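Heads up, the chain below is alone and in the form predicted alone; it's given as C-alpha cells.
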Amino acid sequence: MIRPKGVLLGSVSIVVSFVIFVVPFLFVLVTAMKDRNEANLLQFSWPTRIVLWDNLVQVVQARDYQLVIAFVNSTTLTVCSVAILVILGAMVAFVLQRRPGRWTRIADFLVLAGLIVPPAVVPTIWALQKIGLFRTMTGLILIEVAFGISFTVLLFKAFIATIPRELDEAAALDGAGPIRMFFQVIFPVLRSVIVTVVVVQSVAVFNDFANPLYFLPGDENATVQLTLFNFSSQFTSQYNLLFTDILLITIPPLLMFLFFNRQIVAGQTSGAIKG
C-alpha cells in the first residue's frame, strides 16, 4: 500500500525537479526562437515570430565558423582527457585496492586532497610555461586529467572492492602478470563504472569554462563554452544568438545523460554494497 506521505514527497520532488531542470531549458529554447529585439526583453513568453533557423545559421557562421572549430577542439579535449582518466584511474584504483600498505595510505591521502584543495591558476600557468605546454591542447588535457583523477579513482576503487580476490588468484595461477591480469581480467569487469566515468567526466570536460579560458587562450583554441563571448560583451549582448549558442552547446551532454542514465546510476551504486 502506497502511503499518502510517500506520494506527497514524490510529487514535490517531481515539481522541484521540473522547476530546476526543465523550466530553465524551456526558457533557453523559447528565447533562442525569438528575434533580437524580443529576446532582449528576457521574458518567458512565446515569440511572435519564430526565427530559430536564422539564429542557428548566424551562430554557426559567426567569426568564420568559430563554433565548428570549437566543437572540434572540445571533442578532442573530451575524448583524450576521458580516455586517459579511464585507463589511468582504473589502474591507480586497482593498485590502491589490491596492494594495501604504508605508501597506499599516502596515495589515498593525496587522492582525497585532490578533491579538497582548490586549484591554483597562476602557479599552474607558470609550470605549464616552464615545460612548454601553455597554450597547447596537450597541456589542457593534462590539466583536465589532474582535476578529474581523484573522483575517478575513488569511483573505480569502490567498485573494485566488490570484485572477489579469487579472480586475481585464478589469473595468477594461469600465469598472468600484473598488466595482463588488469587488462584481461579486471578491466572488462569494470564496464558499468567505466560508462559512469565516461559520461560524467565527458560532460564535465565538455562544459568546462574556466580551464580553457586560463590555460588555452586564443581564438583558434576556443572551446564551445568560450564561444559565448561572441554574443555577450560589456557593452552589448545579442540574447537571441547567445541563447541559441547555449542551446547548441547543451544538446550533446543532454543526449549523453538521456541515453546512459541507467548505466550512470548502476555504476554509482555498484560499489555501495561490498559482497
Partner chain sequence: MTVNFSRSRALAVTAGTLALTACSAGSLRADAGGGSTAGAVSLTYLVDNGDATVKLANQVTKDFMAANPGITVKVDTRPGGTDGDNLIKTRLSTGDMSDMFLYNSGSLFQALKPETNLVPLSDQPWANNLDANFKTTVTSGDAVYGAPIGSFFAGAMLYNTKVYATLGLKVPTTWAEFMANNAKIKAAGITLVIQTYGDTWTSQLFVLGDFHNVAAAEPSFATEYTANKIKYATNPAALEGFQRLEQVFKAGYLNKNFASAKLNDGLKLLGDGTGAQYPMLTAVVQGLYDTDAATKQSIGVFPIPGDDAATNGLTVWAPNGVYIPKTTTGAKLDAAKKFVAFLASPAGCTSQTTGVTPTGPYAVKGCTLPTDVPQVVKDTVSYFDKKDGTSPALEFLSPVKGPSLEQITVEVGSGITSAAAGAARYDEDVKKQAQQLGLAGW
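Positions refer to the first chain, counted from 1. Just so we're clear, the structure is a prediction, and the values are computed from it rather than from any experiment.
What comes next is about the form predicted in complex with its partner chain, which is not displayed.
This chain is displayed without its partner chain, yet in the predicted complex the stretch 63-71 from 63-71, 245-253, 23-31, 46-54 comes within 4.5 Å of it by heavy atoms. Taking the partner from elsewhere, Val122 is found to have a heavy atom lying within 4.5 Å of its partner chain in the predicted complex.
Its partner chain is not shown here, and in the predicted complex it never comes within 4.5 Å of any heavy atom of Phe151.
Its partner chain in the predicted complex comes within 4.5 Å of a heavy atom belonging to Arg180. Taking the partner from elsewhere, Leu190 is found to have every heavy atom lying beyond 4.5 Å of its partner chain in the predicted complex. Each of Leu41, Arg135 and Ser232 places at least one heavy atom within 4.5 Å of its partner chain in the predicted complex.
Only one of the listed residues (Ala107, Val95, Ile87, Val203) places a non-hydrogen atom within 4.5 angstroms of its partner chain in the predicted complex, and that residue is Ile87. For the residues Ala172, Val185, Ile163, Cys80, the 4.5 Å heavy atom test against its partner chain in the predicted complex is passed only by Cys80.
With contact defined as any non-hydrogen atom lying within 4.5 angstroms of its partner chain in the predicted complex, the contacting residues in 193-216 are Phe209, Leu213, Tyr214, given in sequence order.
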